[in-house]
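Read on for two forms of one protein chain; each stands alone as structure tokens, with the labels structure 1 and structure 2.
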Structure 1
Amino acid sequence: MSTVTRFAPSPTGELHIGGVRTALFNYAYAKKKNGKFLIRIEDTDLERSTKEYENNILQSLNSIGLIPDQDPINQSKRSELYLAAAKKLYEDGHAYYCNCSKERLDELRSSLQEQGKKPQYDSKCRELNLSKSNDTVLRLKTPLEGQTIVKDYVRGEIVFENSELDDLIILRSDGTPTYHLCNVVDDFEQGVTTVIRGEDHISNTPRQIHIQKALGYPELEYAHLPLVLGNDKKRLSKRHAATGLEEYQSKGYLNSAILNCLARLGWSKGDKEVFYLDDLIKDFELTEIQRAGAIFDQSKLDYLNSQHLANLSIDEFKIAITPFTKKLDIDIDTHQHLELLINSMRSSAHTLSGIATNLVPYFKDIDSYDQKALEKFVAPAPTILSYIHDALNKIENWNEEVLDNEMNIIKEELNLKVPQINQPVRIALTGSTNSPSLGTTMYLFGREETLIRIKALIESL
């Protein structure tokens, strides 16, 4: 049987990076097995589900390369299937109508809690053979004895006592199906063989197995992933870091780096830190997923993004950074030494957004100088810049080697340390102390612009 996995998000918010990790593992496992990866939009919660969030989820998955092998389906358009399954359960004696009021159920729950027992339905209506009415719900007849054993790729065998699982509602009093019934029917109709999802769904699994067995559906494989946690080992939220995929993309993290980072959240194999989606598909095994919570480390993503940026060709890097430079009204193709500029600046920040910001001084006049840098490197000896300006003004053969040699001569003549000579010039050229080697920086600006900017800083002082 061909392997089929599915990612089944609810469109009640933007795509969370934890959701991307779940989709990634489903995708990688399906491709590893030469199977299919599907997407199902679980939008039966009509009050909270929106088309805006649905579009965000689908577009985000497509943008990062996790493209389904079939068109996504919406649960909101499949009611007839769920109602037919509920009818079959009732007619086959696996479900019954219950007319217990909310007040009775609340009293029952409170009474059990006072006794220190688990609050659950007491099956009062199970053998009453009630008919459907506006006040009844349809409940599944959960097995009263025995165990339900979930064979999980991550956690091994998980045992549930059936006596601790009450009779689940599968149709509400208004006739709408509940989550568990929809989930089971869709997995069957889509031909899903393997369910890979977060560990917060573990308690749902025996419920769904009961429905599967009552409907005569085949057994599924399961893998419940560890939750994505912040550094404080609590579930990842906005207090730890950005949580939406779009937010990371908008900052200039490469899709390949994001996937690389997310793949390591709960899965590891070998010592290779930097890899790509094809590498993951080749090596991925569900049995190698860890049980412990997976901690999302922003610094790790920064490191991986830098590595993936470094692996881009010049043309690939230009394509990647262009949307970010355009936002800053920069046309990088206008620079006379573009390839050198890119190679010199591509490691100046962890993200494309940061690199684009660092490129601004190479295309636009400086609006302001870093005041702390001025106080540290320029204010103690402001006349040094004039000395450097006069020395550089005499150079005709403007290249990196000549410029570096001249700066070294100035350092020796004035008996100063390298930062005391180099940093004032960097500040004059870029507004800060962040630039490539000084000879390269001056060469990138050119003779005329370098002298103009040093003069401008001297005059501003």
Structure 2
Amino acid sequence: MSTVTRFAPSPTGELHIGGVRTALFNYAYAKKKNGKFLIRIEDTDLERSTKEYENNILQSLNSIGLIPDQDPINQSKRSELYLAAAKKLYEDGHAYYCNCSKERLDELRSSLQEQGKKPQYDSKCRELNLSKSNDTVLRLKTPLEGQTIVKDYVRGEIVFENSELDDLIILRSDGTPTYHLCNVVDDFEQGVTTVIRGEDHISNTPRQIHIQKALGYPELEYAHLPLVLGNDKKRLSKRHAATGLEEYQSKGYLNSAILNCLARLGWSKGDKEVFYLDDLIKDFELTEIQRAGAIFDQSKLDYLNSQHLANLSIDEFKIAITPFTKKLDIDIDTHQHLELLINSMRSSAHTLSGIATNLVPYFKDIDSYDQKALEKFVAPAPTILSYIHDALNKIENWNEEVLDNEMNIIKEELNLKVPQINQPVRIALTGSTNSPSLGTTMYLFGREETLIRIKALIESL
């Protein structure tokens, strides 16, 4: 049987990186098995679900390349299916109507808890043969004894005593189906074979297995992933800074780097740290997933991003950085030595937005100089710049070698140390002391612009 996995988010918030990782593992496993990866929107909670969040989730998954093999489905549009399943359960004697009031349930729970027992429904209505009415819920007849064993790829076999589980509600008193029913029915209807989801669902699993069995559905395979945590070791949530996928994308982290980073959270293959989606698909095994929760570390993402950035071809890099340079109102295609510029600057920051910012001086006039640098390198000897300007002005053959050579000559003539003559020029050209090697930098600016900028700095003093 061909493998089918699914990512089943509920649209009650933006897609965060923990969700992306769950989707990623679902995707990778399906692809590895030559199966299908599906998306299901679990929007049965009308109160909290919104179309905006749904769109955000779908768009995010699409933008990062985790494309489903079929159009996503919405649970909110499939009630007939759930109702039909509920009806079958009732007719087959696997479910019963219950009219216990909320008050009774609350009392029951608290009194059981006082006795040190597990708070659960006492199955009062189980044999009463109640019929459906306005205030009845439909409950599943959970097996009273025996065990339910969840076979999990990452944790092995997890055993639950059936006596620990009560008769769960599958249809609310307003007639709408609950999560567990929808989940089980859809997994069956969609042909899902393998459930890969967060470990917060482990204790839900035996309940779902009971529904499956009652409905006569085949068994599923499970893999419960450890959770992605914030710095405080707490489960990632809105309280943590920067959890949304879009935030990372808009800061200029490459999709491939984000995916790489997320995949390494809970999974590894030998000493391989830098890899791509294709590698993951090839190497991935559910049994290799780590069992403990993992803290998301941004400095690791920074590193991985640098590596992925370095691996981009010039054309790929151009395409990747363009949205960021556009935002800063610069058009890198206008540069006369674009390839050299990119290769000189691509490692200047960890993110595309950082690199784009560093690129600005190469396209726009300097509107402010680094004051500290000015004080340190220019203020002590302001006349050096004029000397350099005049010397460079005589150079016709404007290339890196000649320029480096000339700077060396100037250094000898003035009997100065390298930083004393190099740094003022850097400041004149880029506004700061940071730039590629000086010959390259002057070459990148060209003869005319280099001279203009040196002059401009002299005049601004």
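Numbers follow structure 1, counted from its first residue as 1. Quick caveat, the model's predicted, so the values are computed rather than measured. In this text, the rigid core denotes the largest set of C-alpha atoms whose superposition between the two forms falls within 1.5 Å.
Of the two forms shown, the form predicted alone is structure 1. Superposition of the core reveals a Cα shift of 2 Å or more for residue 416 between the two structures. Relative to the superposed rigid core, residue 8 undergoes a CA displacement smaller than 2 Å between the two structures. In a rigid-core overlay of the protein, residue 434 has its C-alpha displaced by at least 2 Å between the two structures. The two forms line up on their rigid core, and residue 405 then has its Cα shifted by 4.2 Å between the two structures. If you overlay the core, the Cα of residue 446 moves by 3.3 Å between the two structures.
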